[in-house]
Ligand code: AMP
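Here's a solo chain for you in structure tokens, the form predicted alone.
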């Protein structure tokens, strides 16, 4: 496993390879990330993982400041996996050498779910993913379905403008079915229990939706119920078509999306 800490060493190391799988991360490596790496190993000859906490996608300074980071631990986990060929750990200037203001804008139709509640977040995500793609030039990029809207927007932008494929990977969950996330490190035991209960509630809601004539009304009621029962703040609880993310009136080809806060920690999930 070779560590690349600047663009010069990256370009020199990657030049001989034309079948490259890329797993972008912000660190906090967990089994979810390792599943992306495993898939890259199966489909590509070489795999590169990036670790870069992108300040441009945080719409709150406090969120950026509290984001978990432990580069030594991350490298230890990646090395132990024996499935990573390169780890790219760029500095801010390596990514944002071109200081021109990004022209990326989220379409009105896409200002839904997290794009509605986290102003500027996806503009920052799409900007950094564009920059990383230009630098690394991967054949395939592997992204988890936990943040399905992120996967959807990145795929739409990058596959239109670059010769790369965005490969979706299933959400990996812990023994309580909580979706693995670096932010889970910020939760205490009682909060982790609540998060697991929220998942179980979502499973029941998704199952019961099939019998409901007025889905928006049913979800509005369930959203209020979750808020009252578990004292959580919910940004959204919506059923949307997984192909275009439009609101759905049927469970066919649809996913149930949620974003909520446990104290100051924001969690997302879909199923």
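Numbering follows the first chain given and starts at 1. Note that the structure is predicted; figures quoted are calculated from it, not measured.
The protein also exists as the form predicted together with this ligand; that form is not presented, and the subsequent description refers to it.
Judged against this ligand in the predicted bound form with a 4.5 angstroms heavy atom cut-off, the residues 150, 172 and 180 are in contact without exception. Interface residue among 137, 118, 155, 146, judged by heavy atoms within 4.5 Å of this ligand in the predicted bound form: 146. Of the residues given (36, 205, 48, 239), 36 alone sits with a heavy atom within 4.5 Å of this ligand in the predicted bound form. Although the partner is absent from this view, residue 25 contacts this ligand in the predicted bound form, with a non-hydrogen atom inside 4.5 angstroms. Although the partner is absent here, residue 67 is a contact residue: one of its heavy atoms lies within 4.5 angstroms of this ligand in the predicted bound form.
Contact check for residue 30: a heavy atom falls within 4.5 Å of this ligand in the predicted bound form. Just one listed stretch, out of 77-85, 163-171, 109-117, 94-102, contacts this ligand in the predicted bound form at the 4.5 Å heavy atom level, and that stretch is 163-171.
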